[in-house]
Ligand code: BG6
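Before any questions on how it binds or moves, here is one chain, the form predicted on its own, in structure tokens.
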Amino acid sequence: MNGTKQYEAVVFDLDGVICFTDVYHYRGWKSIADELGIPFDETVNNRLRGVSRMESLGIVLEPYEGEPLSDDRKMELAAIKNERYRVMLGELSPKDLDPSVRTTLDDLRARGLKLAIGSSSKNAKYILERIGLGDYFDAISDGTNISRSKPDPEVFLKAAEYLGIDPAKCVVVEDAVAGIDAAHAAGMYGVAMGDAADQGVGDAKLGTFADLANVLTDLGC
């Protein structure tokens, strides 16, 4: 790798960037909310982007007016949601990976860039295996190795650490505002797509994943 280049690695959020499992998250949380008799819709679901499982449960429970839930019960509810979610993830296969994602990743690797995942999900490795990218990334930082969720920069700083690359030489691709905030807090260049791009955050914006190639070319990568 040419050490004079400003950026040497790209760190990707997983859900909403590399693949899309929002519908499974929605169904999982909706089933919990329905059983507790509390409202849950797409607006609430959008607030869960990039947020840890227990913090997500806290958001889901905001309208709850029943008997107080113990910490053990909350842990149980989160575990039930995750079990249901993982069952639904079993429906994923390589056909769910947009061909432009693999093509773009191949292009970035050919440029000598290191590739990493920076996701709050504890299911990141399983999802990558299901869509055929199990051994594709040079490093994976996810919910299994962090204690603080985005917008805290921990997940991205860990990714840079695992890659052995200065955070300032990393580009982050994110679809959540909290993720772009985390990237900036880590001292990284933040590329927004999806909801984050719609909200007007990020140092650059993508209309499609394939647009990333041009953004990185503009950055001299």
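Heads up: residue numbers just count along the shown sequence, starting at 1. Owing to the predicted nature of the structure, the values given are computational and were not obtained by experimental measurement.
There is also a form predicted together with the ligand; it is not shown, and the following applies to it.
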| item | value |
| --- | --- |
| 4.5 angstroms heavy atom contact with the ligand in the predicted complex for residue 48 | yes |
| Touches the ligand in the predicted complex: residue 125 (any heavy atom, 4.5 Å) | no |
| Partner proximity in the predicted complex: residue 120 to the ligand, non-hydrogen atom cutoff 4.5 Å | yes |
| Proximity of residue 100 to the ligand in the predicted complex, heavy atoms at 4.5 Å | no |
| Heavy atom within 4.5 Å of the ligand in the predicted complex - residue from 53, 158, 30, 169 | 53 |
| Heavy atom contact within 4.5 Å of the ligand in the predicted complex, the stretch among 128-136, 68-76, 107-115, 81-89 | 81-89 |
